[in-house]
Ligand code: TNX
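As a starting point, one isolated chain is supplied in structure tokens, in the form predicted on its own.
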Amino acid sequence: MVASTSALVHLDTDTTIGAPEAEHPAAALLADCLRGPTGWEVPVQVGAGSIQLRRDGSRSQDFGAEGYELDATPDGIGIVAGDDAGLFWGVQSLRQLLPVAIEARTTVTGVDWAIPTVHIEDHPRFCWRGGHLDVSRHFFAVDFIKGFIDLLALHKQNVFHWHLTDDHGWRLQIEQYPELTHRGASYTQAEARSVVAYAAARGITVVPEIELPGHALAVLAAYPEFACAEGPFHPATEWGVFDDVFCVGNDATLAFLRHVFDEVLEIFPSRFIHVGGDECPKTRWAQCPKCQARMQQQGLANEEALQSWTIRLFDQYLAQRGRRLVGWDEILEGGLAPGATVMSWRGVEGGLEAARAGHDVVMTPQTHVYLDRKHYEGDHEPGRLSVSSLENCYSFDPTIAAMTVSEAQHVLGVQANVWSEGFDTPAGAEVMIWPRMSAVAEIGWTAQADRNFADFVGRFRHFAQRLDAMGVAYYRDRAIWG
């Protein structure tokens, strides 16, 4: 709910921020946002301030998880929420009410830093509102990753899914296995920790993805002893699905993966850890004496059951450490691990099957929210494979009509995926991402009955000025600009 008048509430050099704690991250984020273009050192203090951030746990039921109220009156600006996440999103709404010049990276003079008097009551529809980025096919520097996180936060998205490993490259330093990152660009553990901290200071959880049991060529190039067949192996240089995968009949392979996750869990505090589980050919397993022996030892009927056994093994590993496994919808094949959460990407059917079995689901179908797809048909259009227009993307409802009420309750939310086969520069990535990621953010936040594509188009025309001020590239979609 939003109510406003034409009166303005002004901010100036006397502005102060009152916060629940002196080091409150939402208050620090707001102070930094104001400092950039204005040059003001806005003090953060415990208690009262002309901008008041207040956490009120007694009203959590009123707000709902991540919900907030924002009031701007001539007497000051107040944001109140039942939890810290709500304060983050209230700060982002305040930021969007300020002039576009707030996004400038240098000091701007002559701007009336003011917002309208307004009352906003707001809360998200879903608890998982994600943006995914593949850095295996093409590597993106930490500065770009942090900029992407800034934009997710501006859109009140709360999950950054970091696709760190695949056939083309392993991108995270693992101290016990240094050869993994000797052959290509990668993030040090210190850099990864800095990304996690940066995201947390903006209300975002980083979910790492370490692929298994398929998409393993980059590992096998460095450690061929973890393959079923003899090497040598080489990281992939083209798009595809490749037969050489982890030999899960080999105890040493499983020990390697456990050691990797031991280090990953030290870096990433996320409750969810993504293990991939997709596009794993069974050709090598069918020919591998160790994998066949594993199947016989475990009483597994076929290679699909061997994949399920592998996923269950790491589901147990993560559960013992207080974490939850999430994987692409192929983890349904052969039987789903008890604690697993499914990302339904090949369509919505996997999500429906998982929800009917009582498992949580994140909807991310390639038909609607794969942002590497072309915006429109045409040889000169950026993107690859099929088309997913802005309107098609916006039209998606994660709680599909075939679901019962109880099944729909297993839908955690929605996520847009950005695969990097088709671009290799930051600007190339941004043109694929925006404005479609804005549409996905609205799917995740706004109740289905309140969404309207024509209204979204009008609001994005204005929002694009903010992206311009931030130096973000975006696609000039004909649905918006004609």
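Everything numeric in this text was worked out from a predicted model, so none of it was measured. We number the residues from 1 along the sequence you see.
In what follows, reference is made to the form predicted together with the ligand, a form of this protein that is not presented.
Mapping the unseen interface onto this chain, Ala141 falls outside it, with no heavy atom inside 4.5 Å of the ligand in the predicted complex. Interface residue remark: Glu279 is counted as part of the site for the ligand in the predicted complex, having a heavy atom within 4.5 Å.
The closest non-hydrogen atom of Tyr370 lies within 4.5 Å of the ligand in the predicted complex. For the chain shown alone, Leu385 is a contact residue for the ligand in the predicted complex, at least one non-hydrogen atom being within 4.5 angstroms. The candidate stretches are 431-439, 47-55, 414-422, 444-452, and the one lying within 4.5 Å of the ligand in the predicted complex by heavy atoms is 414-422.
A heavy atom within 4.5 Å of the ligand in the predicted complex is found for one listed residue only; from Trp328, Phe148, Trp170, Phe246, this is Trp328. Of the listed positions (Phe126, Phe396, Phe226, Trp345), a single one reaches within 4.5 angstroms of the ligand by any non-hydrogen atom in the predicted complex, namely Trp345. Shown without its partner, the chain has Arg137 as the single residue in segment 132-148 with a non-hydrogen atom within 4.5 angstroms of the ligand in the predicted complex.
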